Structure formats: C-alpha cells, structure tokens
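Below sits a lone chain in structure tokens, taken as the form predicted alone.
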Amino acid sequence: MNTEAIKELVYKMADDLLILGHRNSEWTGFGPLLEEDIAFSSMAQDKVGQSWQMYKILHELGDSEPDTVAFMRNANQFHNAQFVELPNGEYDFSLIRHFLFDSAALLRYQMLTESSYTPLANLTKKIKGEAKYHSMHAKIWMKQLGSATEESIQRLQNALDEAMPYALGLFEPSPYEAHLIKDKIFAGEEALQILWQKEVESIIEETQLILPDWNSLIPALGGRNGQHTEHLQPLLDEMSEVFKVDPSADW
C-alpha cells in the first residue's frame, strides 16, 4: 500500500475533526438553549477525541506524537477543509455546517469500514456510532427550523447559500486518489460527494429550504494543500497556547 496516500487521507480527516471540534466548543455556555449548549459541547468533545485516534494512526505510520502533531503545526501545514475553520457566526450557520459536515463524515466512515487498510477500517467501525448521532441531531433541527417560521427559514436559507461552496471543499480530490481507489483503501472523494449530495437533497426536500444549483457552485478548494483563510492561524494559536508553555509536560 502507498503509505503517503494513507497519511494524506488520515491527516485531512483528523484535521477536519480537530478544527471543527474546537469551533463547536466555542458554543459552550453560549448555545441558544441549554440542551443545545450541552449537545454541541458533547459533539465537540467527540470530534476532538476522534481526531486524536486518527493522529495515533499517523504516529504508528512514523509521524510525531498526537499532541505534537495537533498543536505544533502552523496553518499551512494543516489539511483541513476551509469550511471547518470559518468562525461560528450566528447559530444558523453553525447548524448548517453541522448538518453538511456530519452528513459527509458519516458517509465517509461507512465507506471506510470496508477499507483494505485495517487500522482505519477498525477505527471507523468504532466511531461511526458517534457520527451517526451527530448526523441525526443535525437532521432533526434542519427539518424543524427549515419548516418553522418565516424568520427561521430565511436565516437557514442564507446560511445554506453561504456554506455550500465551502462544504464542497470537503471533497477536494487527493493527489493519491488513484492509489486509494486501486488499493481499495477508500472509494474516492467523487464517490463520496455523489452519496452526500443525494443525502443533502433528501433532507432539504423535507423542509422549505431551496438548494442552490450544484453546477453553479464554485467549490472553496485549497485547504487540503495548506491554503487557508485568515481565520485558521488565530484559532491554532489559541488552541496551542497551553501546550506550548511546556510541550514535554504530562497534564
């Protein structure tokens, strides 16, 4: 198997989870409802924990310890999609991101349970249960708020229109796509995107929201290659502040 192909795949998943986990944790104490405050905090913790398990796979493949990988890189060394690093904004944007990202994540994990790379197959079998809950939570709120009041529908619609080009960046093709598919490590970003679009369409059809025309959207690409928005480095600085005080310390 092509080790670099596996590492690129795991890095982008791990970095997505770490960054979005920290973004979602910013809702702790600020959620619109106590129940949602707790839910977002719990899902944020799940994502950071999942990222750590993926960084462990990278360590087993010869990279640094998980904490070092997570907290000692600069923005241009991260492989996350730009979508996950964007500021939370209002709750409607975070909810749309929650729905779009977690729908894709669950489908990705389901595909990877069949991966020929056993450590990744075993891990995704473990974490897809958490991902299923995250996706279900998002869909429930999408259906409720997407068909509730005129204000809730319009706010979600505005957030959906803003988020869609960035969401498509989740499926930025890997330079190792052919290797991943040939070696049956992963069926590929195109296959995942097709499944995701069908899933998104099926949920949106149960609301009064309107999907933009897929063909009219220009994906926000570059994140997988270290090209990020101005929002990522300040987030990384905040995330790593305590760790950098003494990287050798045991907490």
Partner chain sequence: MSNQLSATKIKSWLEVVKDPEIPVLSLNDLGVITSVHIDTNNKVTVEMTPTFAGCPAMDVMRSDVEDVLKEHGIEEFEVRISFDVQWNSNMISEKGRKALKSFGLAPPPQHDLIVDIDIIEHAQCPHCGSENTDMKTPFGPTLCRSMHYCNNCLNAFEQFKPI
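None of the values given here were measured: they were computed from a predicted structure. Numbering follows the first chain given and starts at 1.
Missing here is the form predicted together with the partner chain; even so, the following discussion is about that form.
Select, from the options 182-190, 66-74, 208-216, 50-58, the stretch whose residues sit within 4.5 angstroms of the partner chain in the predicted bound form by heavy atom distance.
After filtering at 4.5 Å, what remains is 50-58.
Taking the partner chain as it sits in the predicted bound form, is D46 in contact with it (heavy atom to heavy atom, 4.5 Å or less)?
So D46 counts as contacting the partner chain.
Partner contact for S202 in the predicted bound form: the partner chain, 4.5 angstroms, heavy atom
No - in the predicted bound form, heavy atoms of S202 and the partner chain never come within 4.5 Å of each other.
Hey, in the predicted bound form, is D92 touching the partner chain, heavy atoms inside 4.5 Å?
Residue-level check for D92: no, no contact with the partner chain.
Residue-level contact is defined here as any heavy atom of the residue lying within 4.5 Å of the partner chain in the predicted bound form; does S116 satisfy this criterion?
Outside the cut-off, so no.
Quick one: name the residues from 115-139 with any non-hydrogen atom within 4.5 angstroms of the partner chain in the predicted bound form.
Residues within 4.5 Å: N122, L123, K125, K126, I127, G129, E130, K132, Y133, H134, M136, H137.
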